[in-house]
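Two separate entries follow, structure 1 and structure 2, each one form of the same protein chain as structure tokens.
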Structure 1
Amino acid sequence: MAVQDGMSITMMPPFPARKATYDMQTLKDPKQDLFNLYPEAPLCRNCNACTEACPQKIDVREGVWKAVFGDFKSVSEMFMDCVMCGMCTPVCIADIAPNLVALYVSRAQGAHFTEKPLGLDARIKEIQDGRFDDEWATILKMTEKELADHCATVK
């Protein structure tokens, strides 16, 4: 929304949330690792301030609790519209960064609990072996018009 006469604007002072560092592929038990990486997550006091602060209207409080109880799939779906603005973090009285918890959970869901599409490993190997290098080089040399024409004929 554009600023209009009569509006009151408040700027939130930026402050860094504690972001855990992890290598998703090396985690052995992602649901348990949530508590190692974000030990404050189960301390949620259900005040709902995070949900009230969310400009995307995500039920952030419920997402944190679902993460704590291991329902990673639901959390991933709930936070699909999260833009990582961090508005939920400064209002949290338990010092949780709910957006970062949700980001970890979504990554873990994709890496550890979602089946890969059939043929994905074979396609990745083809890419690594350079099967598509010539086609890619051709596309990169195209002008915008040539690319648009090419895309129109591929449909």
Structure 2
Amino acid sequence: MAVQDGMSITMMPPFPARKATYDMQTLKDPKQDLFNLYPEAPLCRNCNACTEACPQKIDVREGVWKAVFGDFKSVSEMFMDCVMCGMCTPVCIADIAPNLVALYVSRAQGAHFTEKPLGLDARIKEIQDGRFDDEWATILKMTEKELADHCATVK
């Protein structure tokens, strides 16, 4: 519904759901850890209330199941639209906070199950090894005019 005359609008505080705390980088077995961090996740009763509540049209229920079955990749793709409004949480009859489960799963997918981009590591090493130092020296020595001319040659 759009904003209308006379309507008052309140900023909702976040719904007080229990958020598990974890150190993403040191997790040993993130797929198994899901069950320690969010033991209620496998108790989903398929009522679909979360999906109906979601303003971003995410199939939240499906996401919870996929998380439990270890399909972290699909969950991370499905929940890219999640704005963390928390609307899926108070409606859940199994006390699951689906958005928090999905956030954990998506982060684990990124930190543990996605290929490391080799090009990025190569670039970081180039910078550390001073590969661009000569170029920097040249550029930083230029007068304003020289620099402007140099910039104009880069298209």
Partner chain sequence: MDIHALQQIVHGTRDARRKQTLPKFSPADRDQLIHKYHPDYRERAYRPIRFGPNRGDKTVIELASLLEGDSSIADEFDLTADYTTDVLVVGGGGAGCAAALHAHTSGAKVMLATKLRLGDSNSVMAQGGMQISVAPGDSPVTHFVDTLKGGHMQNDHQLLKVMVEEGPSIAKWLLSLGVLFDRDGDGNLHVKKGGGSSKPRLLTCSDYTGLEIMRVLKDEVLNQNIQLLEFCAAIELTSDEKGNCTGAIFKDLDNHRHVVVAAKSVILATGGIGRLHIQGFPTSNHYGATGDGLCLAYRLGAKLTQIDTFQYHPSGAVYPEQLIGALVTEGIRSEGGHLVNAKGERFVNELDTRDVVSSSIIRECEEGRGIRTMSGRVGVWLDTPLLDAEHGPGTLEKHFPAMMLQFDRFGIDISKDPVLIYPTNRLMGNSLLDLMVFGKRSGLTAAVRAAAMPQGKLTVGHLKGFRAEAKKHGSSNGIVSPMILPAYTRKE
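Just so we're on the same page, residue numbers count up from 1 along structure 1's sequence. Take the two forms, find the largest set of C-alpha atoms that superpose within 1.5 Å, and that set is the rigid core. Values in this document were obtained by computation on a predicted structure and should not be read as measured data.
- Each structure shows the same chain on its own, and structure 2 is the form predicted together with its partner chain.
- Fitting the two forms on the rigid core leaves the C-alpha of Gln128 displaced by at least 2 angstroms between the two structures.
- Annotation: rigid-body hinge motion between the two structures, rotation of the minor part against the major part equal to 43 degrees.
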